[in-house]
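Shown below, as structure tokens, is a lone chain in the form predicted on its own; questions about how it binds or moves come after it.
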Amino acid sequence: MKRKTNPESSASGAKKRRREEEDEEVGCSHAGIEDETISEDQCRLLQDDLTFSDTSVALRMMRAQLPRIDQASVPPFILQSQLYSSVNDRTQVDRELECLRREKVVRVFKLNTGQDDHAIIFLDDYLKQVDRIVKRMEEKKQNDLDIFKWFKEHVLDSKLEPSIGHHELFSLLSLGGKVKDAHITLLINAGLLTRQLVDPDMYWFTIPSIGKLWKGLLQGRNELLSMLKRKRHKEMFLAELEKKRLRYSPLDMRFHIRDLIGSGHLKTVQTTSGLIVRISRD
């Protein structure tokens, strides 16, 4: 016996599906951008700027393309996985990134996402973020703000690795003045340091307010992979995929595409019709 279909229900379902598809189309707009003016770099197609000649060029281009996010006052950052997708030679990336780190052009931060994620920030951007924190605390009449000056001049300037021990931190800060435990607490509360879980005597250098983006970063990865897994061949043309909007991440599609290509979850295949992005493993 054939089941009768309600035409109104079918039409309603079709309209809902169309609305969902339309909602995913974003073109050159960016969800969560503070400024309505979108730069030329942000509007360039990803397939035209997928790879670069060297790490420095890749970093500066991706910094310019990162959307400014309303929800978090985070300095522009690039994931190390994105660099691996943007420069063909990973050894070259590691070598050039190490040079930039030692030359104090960038700092590398370990992200607490539960995965092997590292963020890269231009040192000038990071120092400006520290200055903004101090300015907010000055407005609140907070005491002991000299610790931030000592942190910039003696710790950030000489300790270039992503972590630091308690004794070394105290020693470097002491070059500026007498250090108290309350000073360390102030740096932790400002989001500049966090204790390592495996060793409380070790600290990670951290990016203030970045925690607000962890959830979006992880959800965006899962959403993009799910989107491709629903396709018959688990692939899409890059030009088409780039126009989709992610519902659960404040970061844009190109950010996540670069990240997942660099981490090995996605791969690209050149065809006569254009570049295809494909799931590389389940």
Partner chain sequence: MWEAIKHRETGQIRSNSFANRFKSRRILSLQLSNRKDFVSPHRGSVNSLQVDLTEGRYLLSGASDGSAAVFDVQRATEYEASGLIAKHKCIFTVDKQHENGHKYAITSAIWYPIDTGLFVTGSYDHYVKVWDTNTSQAVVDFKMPGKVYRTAMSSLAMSHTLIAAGTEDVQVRLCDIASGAFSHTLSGHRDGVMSVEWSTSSEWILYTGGCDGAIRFWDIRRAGCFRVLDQSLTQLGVRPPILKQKAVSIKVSAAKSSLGGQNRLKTLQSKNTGSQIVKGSSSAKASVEKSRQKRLHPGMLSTLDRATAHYGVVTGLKATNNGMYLLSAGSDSRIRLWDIESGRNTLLNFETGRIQTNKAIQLDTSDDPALVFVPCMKTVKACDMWSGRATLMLRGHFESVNSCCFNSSDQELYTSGADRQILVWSPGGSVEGEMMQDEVAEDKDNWSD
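Residue numbers count along the first chain shown, from 1. If you're wondering where the values come from, they're calculated on a predicted model, not measured in any experiment.
This protein has a second form, the form predicted in complex with its partner chain, left out of what is shown; the following refers to that one.
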Among the candidate residues Ser158, Asn143, Thr185, Thr91, which is the single one with a non-hydrogen atom no more than 4.5 Å from its partner chain in the predicted bound form? Thr91
Answer option from Asp199, Asp124, Glu138, Asp181, heavy atom within 4.5 Å of its partner chain in the predicted bound form: Asp199
Report whether the minimum heavy atom distance between Asp131 and its partner chain in the predicted bound form is within 4.5 Å. no
Distance check, Asn189 to its partner chain in the predicted bound form, heavy atom within 4.5 Å: no
Any chance Pro162 has a heavy atom within 4.5 Å of its partner chain in the predicted bound form? yes
So in the predicted bound form, does any heavy atom of Lys212 sit within 4.5 Å of its partner chain? no
Which residues, if any, of 82-120 lie within 4.5 Å of its partner chain in the predicted bound form when only heavy atoms count? Tyr84, Asn88, Asp89, Arg90, Thr91, Asp94, Arg95, Glu98, Cys99, Arg101, Arg102, Lys110, Asp116, His118
